[in-house]
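As structure tokens, one chain now follows by itself in the form predicted alone.
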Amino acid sequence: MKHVVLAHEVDWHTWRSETRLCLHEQIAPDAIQWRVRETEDDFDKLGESSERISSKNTTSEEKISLPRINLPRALMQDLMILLQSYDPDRFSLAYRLVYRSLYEGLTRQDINDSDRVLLKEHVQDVLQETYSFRKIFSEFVASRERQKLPYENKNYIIEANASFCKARCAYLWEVQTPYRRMLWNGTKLFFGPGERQSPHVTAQQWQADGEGIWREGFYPHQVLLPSRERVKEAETLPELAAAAMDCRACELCGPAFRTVFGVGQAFSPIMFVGEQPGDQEDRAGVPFVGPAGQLLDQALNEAGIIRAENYVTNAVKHFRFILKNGRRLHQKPEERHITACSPWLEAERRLVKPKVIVMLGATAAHSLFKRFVIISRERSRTLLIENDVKGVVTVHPSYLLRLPDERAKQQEYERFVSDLALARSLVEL
């Protein structure tokens, strides 16, 4: 009997490495015992494991040159989800599925096969909890009432959602579950023992992401591409924001740090729509927090509008930029980016249900009216968007920051405040 000890509950690296070794030797599924380590010296009890090897900066795969195993991409994705299941036999089931696919001709078409049925059940269960957890975490972020989120997990899903959590909230947070703690300090991610193992965690017990058994590829990373149906069916803004974190509708998701979603509550009287997040917004995960946002806050105050009581978002949710001398410089989004993001803006409008929409700049106006808009022609007047929703087109506050002449800047700023006051008056009608 071959014994394999996994470093943690979702040890994708060890399972994959040992699976390749076992398949190379054609070891039958019932001749392998898989289990998660219980103590620090657990690896030494049952022979060599890929975790002990990895601590020496090498892997089982490097010690033995193995032919690459080509499996369907869909199967590998399902297996990565399967390893998040609470089923104690999940590692055995995962190996058995791979073994049977290679040596017994098992395929996705064998829908009545007992192993395929069990895989489908576990995948559905894990994904259902993942969607639920992301909604809960998004609501936790939106409330801003506390920094720690207690969560009673059903499956081992926390690690696979680390990237989602970092994207959803750039500030300090901690998730506490019975089996694992996860901490983001605003700069770096850490994993620690869960409440079941330790009521309190010391500094020495936290393990940094990217090191040791938490290096890239050592645990699953869950990407949930949002479908149009899920976007249209979202019932709350936090649920919609959660879905947006894994948006891959255009290429801007690659270089940007995160999706920057709107901030505010449903049924806000005014919805402010800007162009796209800037450098500081992309880092903070919140729209209008940089210099343009500070100027907007000042103008809102003078116009008698409380930002926190309204909704602020952008037409494009990812930061488009070019790198120059190490700096990320704003680059205007193109029409394809506006089109790709339009389902998000439409869903935000559906849930916010604003009485007035203020379009800050030409890109925002283009996204709402589905046509190119010249600001000088449309500015400072009441426009009808649809039904009873009115619109006001004005400049983007970054335009005011770029004006070189102080007198012209002051005049334009006063006109900007007047535009905002017009929006407020439309709410009061």
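Residue numbers run from 1 along the displayed sequence. Fair warning: this is a prediction, and the values are worked out from it, not measured in the lab.
Another form exists, predicted together with a small molecule; not displayed. Remarks below refer to it.
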property	result
Partner contact for Gln84 in the predicted bound form: the small molecule, 4.5 angstroms, heavy atom	no
4.5 Å heavy atom contact, Gly274 and the small molecule in the predicted bound form	yes
The small molecule contact in the predicted bound form: Ala241, any heavy atom under 4.5 Å	no
Contact flag, Ile270 vs the small molecule in the predicted bound form, heavy atom cut 4.5 Å	no
Stretch from 280-288, 104-112, 174-182, 188-196 whose residues place a heavy atom within 4.5 Å of the small molecule in the predicted bound form	280-288
Contacting member of Val126, Ile357, Ala94, Ala292, with respect to the small molecule in the predicted bound form [4.5 Å, heavy atom]	Ala292
Option touching the small molecule, based on a heavy atom within 4.5 Å in the predicted bound form, out of Arg37, His396, Lys390, His366	His396
